[in-house]
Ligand code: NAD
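To begin, one chain is listed below as structure tokens, in the form predicted on its own.
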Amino acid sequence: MVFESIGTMGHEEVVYCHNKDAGLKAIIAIHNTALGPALGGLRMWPYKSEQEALNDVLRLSRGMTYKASVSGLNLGGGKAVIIGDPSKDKSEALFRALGRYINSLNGRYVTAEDVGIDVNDMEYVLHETQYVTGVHPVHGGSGDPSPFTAYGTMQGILASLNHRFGNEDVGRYSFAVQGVGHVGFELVKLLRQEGAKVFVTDIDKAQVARCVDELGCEAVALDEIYDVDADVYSPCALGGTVNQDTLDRFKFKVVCGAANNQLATDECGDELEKRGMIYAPDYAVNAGGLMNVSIELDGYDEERARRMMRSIYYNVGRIFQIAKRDGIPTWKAADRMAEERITAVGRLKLPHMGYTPPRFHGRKRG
């Protein structure tokens, strides 16, 4: 079953990590290293089964390959998941044990923060391996990636507005933002700075109230966000919100946000196309966080990171061009753009060339 799943999705390596004393049960998946070392976040989640954890890490690591490729990064795709409840199962020993497994891969996989993980957890991992990104700035890291993911998402929005309306005047348009957590709140701030009308919803009522009180947004109920008469739908929380149940309710002209896996199925992407709605593929739009931590490999510099993130505008525009050129939906155009780069650059790797792990210039160990 495991080998069948790996073979179907094209993974190079899957590592099961277990340390009874530390309570560690984790899986590291390396999908593709044709462009460079696999970089992807570490997620901690109370999975109902080991199979559920495996399915998640395989899907997420494959997505990272495509995200890195379409973003023009010299990185491959990887991911790690820890089976456990982040509210009660964390410990120094747990993360240090995982750090040793990551270190044993000699740079083939570089980790970062994801769901259920914070910068403090990353510092424990850093004790055991240098192959960690997103650590605190005192260690030469970039810290919280949320503002950068939001900044990159804004670049995708600008490209989408230009493609749909022929201008980038954000203040002329209205936005329905689903999810105003770390990334969503930062995006809403950027939209409001440009004078845009913004509708917000979130399971966390305090965050919604903050958007209303501090930023002048209009709050709507969780399920009502799909009925809002806004120009742009910007999902920034759960995946799969573009689905058969919500599509008929959409009045939006553009779908562009920071959430992963926004389309419940590929067919939903096809349906958006048929209905004349512009879809900016999620993994191209939300690549700002990945770009930001990738800078740490050469020594972090915020100005360089923001300059790199501005390339998201051009990447999304290129996807729209490929979709028009080949007569295909934008989700498929993004995949094609990523696959063409992986194939082209992969051919440059000669058989005698050995693997060179990242160096992390300027990194200060924990």
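Here the structure is a predicted model, which is why all the values come from computation and not from measurement. Residue numbers run from 1 along the displayed sequence.
Another form, the form predicted together with this ligand, is not on view; read the next lines as being about it.
Although the partner is absent from this view, residue 266 stays clear of this ligand in the predicted complex, with no non-hydrogen atom inside 4.5 angstroms. In the predicted complex, this ligand sits within 4.5 Å of a heavy atom belonging to residue 184.
In the predicted complex, none of the heavy atoms of residue 296 sits within 4.5 Å of a heavy atom of this ligand.
Contact between residue 258 and this ligand in the predicted complex is found at the 4.5 Å heavy atom cutoff.
Comment: this ligand is not present in this chain, but in the predicted complex one of 129, 155, 178, 71 has a heavy atom within 4.5 Å of it, namely 178. In terms of contact with this ligand in the predicted complex, the residue from 204, 214, 85, 224 that brings a heavy atom within 4.5 Å is 204. Residues within 4.5 angstroms of this ligand in the predicted complex, judged by any non-hydrogen atom, belong to 236-244 and to none of the other stretches in 101-109, 72-80, 236-244, 187-195.
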